[in-house]
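A single chain, nothing else alongside it, follows as structure tokens in the form predicted on its own.
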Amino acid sequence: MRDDHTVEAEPVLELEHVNLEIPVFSSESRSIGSVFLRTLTGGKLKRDRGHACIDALRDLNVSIKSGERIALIGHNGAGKSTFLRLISGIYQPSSGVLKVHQFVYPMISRSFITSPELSGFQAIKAHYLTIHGNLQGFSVFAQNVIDFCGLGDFIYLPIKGYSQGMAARLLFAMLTGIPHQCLAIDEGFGAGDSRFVEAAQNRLDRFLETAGTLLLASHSDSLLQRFCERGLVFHQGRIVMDADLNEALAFYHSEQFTEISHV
């Protein structure tokens, strides 16, 4: 018999002195303002012989175990979304050691990975193949997505002809149609028009409850308190607090953090 307690104690992610530098490839890099780039990435601008790069994530030391529910806390540009992209393999660390023991499924983008020339149905199939590598069980998944997004016959037309709301509804239905052992989610990925929000919230609640390990970036304290138990507070690409969620939120809203933010 499997010992669930032992499984939960196994590490999913281990980061040791991890840094991420993002090059700025622009002929105008010399004139790019540090404050502007810090707002976009959370990091600091460095220049060397006319070349520029951003210290997007700096000296990250953190271990996340299976079954943990982690809140990523911080202002816009603090490094939360960059961290999610790092652990899900979109970015590779510039230095340090990143050990990923379990596939991290990223739910952080508003766009499709497939061509807009494809129909909605073809996009569903491409997404399923990307995750599973085969079409076993596809018909059940596809029907679930089609029923939830409510696009009707539009599902067989090219995505490039969809409104923004239609595309968002299809993408949301696809992303939340399969449970995952480790999920990285950015609350800002969007769920479509206002009429879709309530149904999307209920589906998202069920989806998050089925995730084994969760990393959730959000500005909503109530959402984080609903799903998370531990908090990582980010500032300028660093983790400045790793603690119980309530303690982390209290620090984030404290005068101490405000003073740090203005340095």
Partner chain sequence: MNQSPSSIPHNHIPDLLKLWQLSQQSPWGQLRFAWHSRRVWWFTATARTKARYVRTKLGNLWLGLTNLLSIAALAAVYGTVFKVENFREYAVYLGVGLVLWNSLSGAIGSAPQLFEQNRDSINNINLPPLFYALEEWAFQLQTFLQSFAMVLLGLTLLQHSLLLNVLVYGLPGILNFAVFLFWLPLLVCLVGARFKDFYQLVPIVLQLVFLLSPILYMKSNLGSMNWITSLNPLYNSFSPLRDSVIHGHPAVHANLIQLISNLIGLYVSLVFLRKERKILPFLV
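Since the model is a prediction, treat every value here as computed from it, not as a measurement. Residue numbers count along the first chain shown, from 1.
Separately, the form predicted together with its partner chain exists; it is not shown, and the next lines address it.
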Any of the heavy atoms of residue 77 lying within 4.5 Å of its partner chain in the predicted bound form?
no
Taking 4.5 angstroms as the cut-off for heavy atoms, does residue 219 touch its partner chain in the predicted bound form?
no
Given that the partner is absent here, does residue 92 sit within 4.5 Å of its partner chain in the predicted bound form, heavy atoms only?
yes
If we define contact as a non-hydrogen atom of the residue within 4.5 angstroms of the partner, is residue 22 a contact of its partner chain in the predicted bound form?
yes
Going by heavy atom distances of 4.5 angstroms or less, which of 104, 151, 159, 168 would be at the interface with its partner chain in the predicted bound form?
104
Between the options 65, 226, 203, 230, which residue brings a heavy atom to within 4.5 Å of its partner chain in the predicted bound form?
203
Which residues from 143-157 come close to its partner chain in the predicted bound form, meaning a heavy atom within 4.5 Å?
144, 147, 148
